[in-house]
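In the block that follows, a single chain appears as structure tokens, in the form predicted alone.
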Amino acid sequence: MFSGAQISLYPMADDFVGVILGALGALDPYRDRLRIETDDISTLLVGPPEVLFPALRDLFVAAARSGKHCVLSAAISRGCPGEPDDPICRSEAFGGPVGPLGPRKEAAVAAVHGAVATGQPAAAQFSLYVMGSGDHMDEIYGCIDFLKQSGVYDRSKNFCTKLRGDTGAIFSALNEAFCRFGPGAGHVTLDVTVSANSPTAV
């Protein structure tokens, strides 16, 4: 299995370089469990979801605590048939048989309700793509049902679902969507945008 994210962080500030560089220290606790590659467009983080999503959360919170309007854009993928297996991505979250939707939704809700609070409010929107599965809409509708019970559901939008709440709960919800919906060893992707400190009224 291969799992990871291509991410870009956008602080809306004149000192955007300083905000980004200041936030990168939040990745230090995860560097021995992630493969990180950066170019002039994005940063690739490769690793298991139990490391990947906390790393993304902590990076975003570190940038948002600058008080500047910050946006994180991420393409997150697991099980892509065009990517080689990577030992660093091994995780108990993948590969097992997929159980009934009901218990999976209940477990996902419980995980989000137990998420570590960061004290940083945020909003997000994301789309879940379940590839190569004949019952993909059942999985997507199951994910939406979970989100409506998660405590961070804001509303449905065209092509995506909007979340609002503490950043810790939002990234927990994204993690649960990524791991619990779609085939256990199949190709699943998330298209994610997270925003904090926006000047636009709620």
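Position 1 is the first residue in the sequence shown; the rest follow in order. Since we're looking at a predicted model, the values are computed, not measured.
The same protein also has a form predicted together with a further copy of the same chain, omitted here; what follows describes it.
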- prompt: So, in the predicted complex, is residue 149 in contact with a further copy of the same chain at a 4.5 angstroms heavy atom limit?
  reply: no
- prompt: Taking heavy atoms only, is residue 69 within 4.5 angstroms of a further copy of the same chain in the predicted complex?
  reply: yes
field: Contact of residue 162 with a further copy of the same chain in the predicted complex (heavy atom, 4.5 Å)
entry: yes
- prompt: Does a further copy of the same chain come within 4.5 Å of any heavy atom of residue 125 in the predicted complex?
  reply: yes
- prompt: Going through 38 to 61 from first to last, which residues have a non-hydrogen atom within 4.5 Å of a further copy of the same chain in the predicted complex?
  reply: 39, 40, 41, 42, 44
